[in-house]
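Only one chain is given next, in structure tokens, and it is the form predicted alone.
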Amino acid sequence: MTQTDDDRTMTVPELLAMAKEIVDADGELHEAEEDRLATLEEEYSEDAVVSFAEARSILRRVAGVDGEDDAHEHMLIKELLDAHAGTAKESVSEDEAEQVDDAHSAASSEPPSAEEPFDPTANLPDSTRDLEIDGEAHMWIRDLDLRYGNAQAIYNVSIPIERNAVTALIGPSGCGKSTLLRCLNRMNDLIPICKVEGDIDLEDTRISGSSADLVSIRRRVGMVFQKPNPFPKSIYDNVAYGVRLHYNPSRRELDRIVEAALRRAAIWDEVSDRLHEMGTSLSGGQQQRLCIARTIAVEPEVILMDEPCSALDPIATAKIEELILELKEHFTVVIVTHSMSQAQRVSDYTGFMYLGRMVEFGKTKQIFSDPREELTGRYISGRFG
């Protein structure tokens, strides 16, 4: 008979060892984490045992005590419990093994039971089988793995990103969408414990190597964040800021660049007579379009958007979506979104991620109308996640 989490047990020293590994995963031990570990030692005697269900609950509370209870730590908890379950299974005696075999034989002669509950973590598929796009790939991600300390966040992701198309990344919170997006302009390099393996190519340039020029990469691959973040400067200086970093244009040339960027971001008509007002004085939707203008002013090749409409109202969202469709005429766009309808409206290709894996990648129409994987179908129909 299959053991459940309530049937399986572990000793308190084993639980404490797992808890210590979790708090060490981010490379630093917070005072709150130390206090939590000390409390655990006081609450349980060394010879006590706890069920897996209780252990999972305890470990999740330990993971969240630093205020950063995230999917990477939950994945680590699952790996630790799975590893312990595997070790316990190997230690079963021969007599116990025979009893289990007898039970399985008896069960096989019984009528089939009702359909087992769907387990989204079982046999997660891999997108690397079929990666077809209609046009030329502007970027390629190949065999990408990413770890935060000992916790792996992305597993063997490979996808092409078509030139002058919109590619959407969808999936539940914590599945690795934004982490993957930030790999495309090396923003994860700012995290000391982050380690990336695999290749990312931008046209014929490998941008994942240690010798890559990060300044050049971040000019060629621009980023628009989830929350509008205009600088505390004038509207004009917000757009001109990046241009001044990379070039030394004349005032007349800079005026032309600023106006062109604001026009392409569909905000020129709203701000042309107030260019010297603070960018932070604009509405949320206007601020986000200002940030898009700031990004495209340096003429990037690729624009990354991390949930650009999540903080906006429906009217502002509609304007940003219209803008995305216009931008793909000149740029390659990759967008992370939690909105299934938004992905359908604006993207040409969609990648569905779950637990750090690219479960399915393909044309948006195919993903939403006829997904190959059951996991994809369940997610987009709202049956889990």
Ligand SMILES: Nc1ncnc2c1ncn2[C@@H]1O[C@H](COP(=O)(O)OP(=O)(O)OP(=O)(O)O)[C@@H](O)[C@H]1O
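Counting begins at 1, following the sequence as shown. Predicted, not measured: the structure shown is a model, and the values here were computed from it.
Separately, the form predicted in complex with this ligand exists; it is not shown, and the next lines address it.
Contact with this ligand in the predicted complex, judged by any heavy atom within 4.5 Å, is made by just one of 205, 178, 234, 164: 178. Only one of the listed residues (172, 249, 198, 284) places a non-hydrogen atom within 4.5 angstroms of this ligand in the predicted complex, and that residue is 172. The stretch in contact with this ligand in the predicted complex, judged by heavy atoms within 4.5 Å, is 54-62, chosen from 342-350, 54-62, 312-320, 326-334. Contact with this ligand in the predicted complex, defined as a heavy atom within 4.5 Å, is made by none of 220, 275 and 299. Residue contact check for residue 131: none of its heavy atoms lie within 4.5 Å of this ligand in the predicted complex.
For residue 138, no non-hydrogen atom is located within 4.5 Å of this ligand in the predicted complex, even though that partner is not displayed. Looking at residue 191, you'd find a heavy atom of it within 4.5 angstroms of this ligand in the predicted complex. For residue 153, a non-hydrogen atom is located within 4.5 Å of this ligand in the predicted complex, even though that partner is not displayed. Residue 307 is the sole member of 296-326 found to place a heavy atom within 4.5 Å of this ligand in the predicted complex.
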